[in-house]
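Heads up, the chain below is alone and in the form predicted alone; it's given as structure tokens.
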Amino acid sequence: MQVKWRNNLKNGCRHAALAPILLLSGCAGTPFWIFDPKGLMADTNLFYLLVDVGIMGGIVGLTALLVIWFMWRYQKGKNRGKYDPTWSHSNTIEVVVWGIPIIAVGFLSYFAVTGTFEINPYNPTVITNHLKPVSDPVEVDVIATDWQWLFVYPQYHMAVANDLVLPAHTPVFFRLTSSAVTTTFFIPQLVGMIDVMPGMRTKNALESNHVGEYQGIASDYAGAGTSWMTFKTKIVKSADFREWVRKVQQSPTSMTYASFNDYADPYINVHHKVAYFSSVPDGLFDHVVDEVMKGKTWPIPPMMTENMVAYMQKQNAEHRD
């Protein structure tokens, strides 16, 4: 029963709030990604956003209407309001000024507590408690470099650069770290943003029932190549995912600890190149975390910031993948 009324409330909030937004986005030709969720985490996050805005907007709107009404009723010289010099107290006013805030705080507290657990990136109960996946969860280790994304699939002993492919109807659990500066992993239509930090490990999760292609970005500024630090997230059918895994595992290119050092060198991925690695060493993610904690760095060449155009021409001439 609780799930049913919450789903009805969620759908009502979304339809009421999104109608003008989607109308405007259709006119502009570019969607407002966070208002068009295609994953459980993003959808739940939007629901709580709309609840918070709705409750606070109701309070602000009611207050504004009362201010306007008081200004109209008690305007000097209009004699609309009755003056009572003996008045000192009103139970009705007490109920309004205390009751409405108490009710609002109660509602906000309930949704804040339930939302904290449901979309907690380390253990999102909206995924772990309420769903029965048709297949085993997929684990992905995310390593951010300057300025690329490496997605390691430890269950399949493979990795892909700058392209994330996931099966539909399947929970996906991420571990995330960085070899360089702090940035943010964000797929607006699928999952909320989370920091990716050097020498540290964060977590996130998603699940989507909508086959399609969605934009992933680094939403924090992280240097010269941030604008090109993007990736496509493709949600595919389970059979298509298995076929894609076989394709990646047939790639002639593999990754070792040494080749990761070359890969992690600063690189501006202007052409959004995707690279497949048919095999990766076990524990690559933990190895990167340990190396960064010990002080390992991949310095940015001075030329990259002093003359970015010339550096990108040099980078392109080297045909670096």
Partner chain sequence: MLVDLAGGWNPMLGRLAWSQIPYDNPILAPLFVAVVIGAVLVLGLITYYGKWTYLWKEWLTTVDHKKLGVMYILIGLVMLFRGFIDGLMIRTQQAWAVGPHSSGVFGATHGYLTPFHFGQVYSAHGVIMILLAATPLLVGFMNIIVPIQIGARDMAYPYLNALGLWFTAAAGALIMISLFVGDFAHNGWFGYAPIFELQYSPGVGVDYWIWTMELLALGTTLGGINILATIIKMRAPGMTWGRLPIFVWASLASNVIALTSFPALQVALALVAADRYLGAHFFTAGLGGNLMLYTNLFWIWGHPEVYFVILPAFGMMSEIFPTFSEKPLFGYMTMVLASMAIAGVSWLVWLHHFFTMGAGPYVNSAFSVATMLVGIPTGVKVFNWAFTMYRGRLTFNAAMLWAIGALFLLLVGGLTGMMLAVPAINYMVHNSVFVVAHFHSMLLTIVYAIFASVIYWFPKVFGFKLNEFWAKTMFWLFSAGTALVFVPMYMLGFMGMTRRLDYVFNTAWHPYLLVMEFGIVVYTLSVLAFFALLYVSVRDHASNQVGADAWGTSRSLEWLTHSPVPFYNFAVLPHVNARDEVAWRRDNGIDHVQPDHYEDIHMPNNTGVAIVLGGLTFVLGFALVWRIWWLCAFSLLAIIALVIYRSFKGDPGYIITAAELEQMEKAAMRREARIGKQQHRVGSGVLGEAIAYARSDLPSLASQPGSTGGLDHRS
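Just so you know, these numbers come straight off a predicted model, no measurement behind them. Residue numbers count along the first chain shown, from 1. So that the term is clear: the rigid core is the largest set of C-alpha atoms that superpose within 1.5 Å between two forms.
A second form of this protein, the form predicted in complex with the partner chain, is not displayed here; the remarks below concern that form.
Only one of 212 to 220, 153 to 161, 166 to 174, 244 to 252 places residue heavy atoms within 4.5 angstroms of the partner chain in the predicted complex, namely 212 to 220. Under a 4.5 angstroms non-hydrogen atom cutoff, the partner chain in the predicted complex has residue 52 among its neighbouring residues. Looking at residue 284, you'd find every heavy atom of it more than 4.5 angstroms from the partner chain in the predicted complex. Contact between residue 188 and the partner chain in the predicted complex is found at the 4.5 Å heavy atom cutoff. When the partner chain is considered in the predicted complex, residue 129 lies well away from it, no heavy atom lying within 4.5 Å. Residues 184, 186, 188, 191, 192, 193, 194, 195, 197, 198, 200, 202 of 184 to 208 are found to place at least one heavy atom within 4.5 Å of the partner chain in the predicted complex. Relative to the superposed rigid core, residue 212 undergoes a CA displacement smaller than 2 Å between this form and the one not shown.
Once both forms are fitted on their core, the CA shift for residue 239 between this form and the one not shown remains under 2 Å. Relative to the superposed rigid core, residue 200 undergoes a CA displacement smaller than 2 Å between this form and the one not shown.
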